[in-house]
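Only one chain is included here, represented as structure tokens and corresponding to the form predicted alone.
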Amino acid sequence: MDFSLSDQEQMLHDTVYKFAKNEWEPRTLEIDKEERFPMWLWDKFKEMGWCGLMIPEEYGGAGLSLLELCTMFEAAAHAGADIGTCLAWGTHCTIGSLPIVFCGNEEQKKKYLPRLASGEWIGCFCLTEPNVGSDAAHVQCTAVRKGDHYVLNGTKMFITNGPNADLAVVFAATDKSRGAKGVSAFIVERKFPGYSVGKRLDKIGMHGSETSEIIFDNCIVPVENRLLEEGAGFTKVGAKILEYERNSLVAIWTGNLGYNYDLSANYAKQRTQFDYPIIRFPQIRERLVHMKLDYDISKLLMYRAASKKDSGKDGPLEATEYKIFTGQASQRSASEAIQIHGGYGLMREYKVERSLRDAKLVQIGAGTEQVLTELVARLITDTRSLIG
């Protein structure tokens, strides 16, 4: 088994790493302070063709594999790009557009994918609601068909890119009596009557990613904007896309593990106490070893999960294990980085404190750690092929 990157993957990694190190990382303090998605960076992405990474070339995208996309996200965060802005970018490139790539009909693809691929439009994904999180099959947002259109009513919560999105993939109940099989998915444009952006949410971290409520008040959505048949929203659209989300967006935190290690190792070589660089002290060296292990293991789990998906196989176990491990590792890594930096680790200018504020989301978004742990337990105990 070859764990090295292909020439194409290495080129993508190096290009993104260099860009992030030179143009993105130097402005992360500014991004964190302003708490806004940096549109100057989005303009750069548009210039470089980085807005439609997995959208097929025939619709204006780059046509990348999942592993190539993960490699780009990992490289950006490893170079020091802030996780919040990476998440906004990643959300657009994955759950904000892949539902149309994988589940849209030809008319929907031709209408929407070129705008998403070019960056003219920003996409978002509307599944979570104020009272519905992990139990996403029981969405309360409704969609009632009225002739040639549906009328959507309800509120979506914690929507990444919500304030900036031009297009949303929205999940709503068309038949509540059928539970998960009564949920349908829709492509909803911001300009549709009844669509509005609700409260902008103030978060502990992830400041480069803007988050809000999205409100549907008798929102009119044409029937032709439904993805697949009625009732297929959660079972066919959501289930497929969430696996891609767990693979791709977690790669951002994998890269951040590498960034924390690099910052901490360099600091430990320069910081002198008791006449020695602190990297000579066993307690510091042990912390660095564990940080490096977390980074390397997370990266290997990323390669495994993405490669399996690219081979055309479902990989719920691999994607879920990857997310659980990286979520826990992110907490450890951020805490250790701050500890190695001592008092300076609490100062924003040293940049490791942001990792602690940003780390918690990976244990909550796209399925909480508790729910995903139960999913892994079911997979390894109920599926004989996965045992042994």
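Remember, it's a predicted structure, so these values are computed and weren't measured experimentally. Residue indices: 1-based, along the sequence shown.
The form predicted together with a small molecule exists for this protein as well; it is not shown, and the discussion that follows is about that form.
- Only one of the listed residues (Leu361, Val352, Cys51, Leu66) places a non-hydrogen atom within 4.5 angstroms of the small molecule in the predicted complex, and that residue is Leu361.
- Comment: the small molecule is not present in this chain, but in the predicted complex one of Leu228, Ala268, Ala239, Met157 has a heavy atom within 4.5 Å of it, namely Met157.
- Mapping the unseen interface onto this chain, Leu152 falls outside it, with no heavy atom inside 4.5 Å of the small molecule in the predicted complex.
- Among heavy atoms of Ser118, none comes within 4.5 Å of the small molecule in the predicted complex.
- Taking non-hydrogen atoms only, Ser134 approaches the small molecule to within 4.5 angstroms in the predicted complex.
- Within this chain, Asn22 is remote from the site of the small molecule in the predicted complex, having no heavy atom within 4.5 Å.
- This chain is displayed without the small molecule, yet in the predicted complex the stretch 120-128 from 256-264, 287-295, 173-181, 120-128 comes within 4.5 Å of it by heavy atoms.
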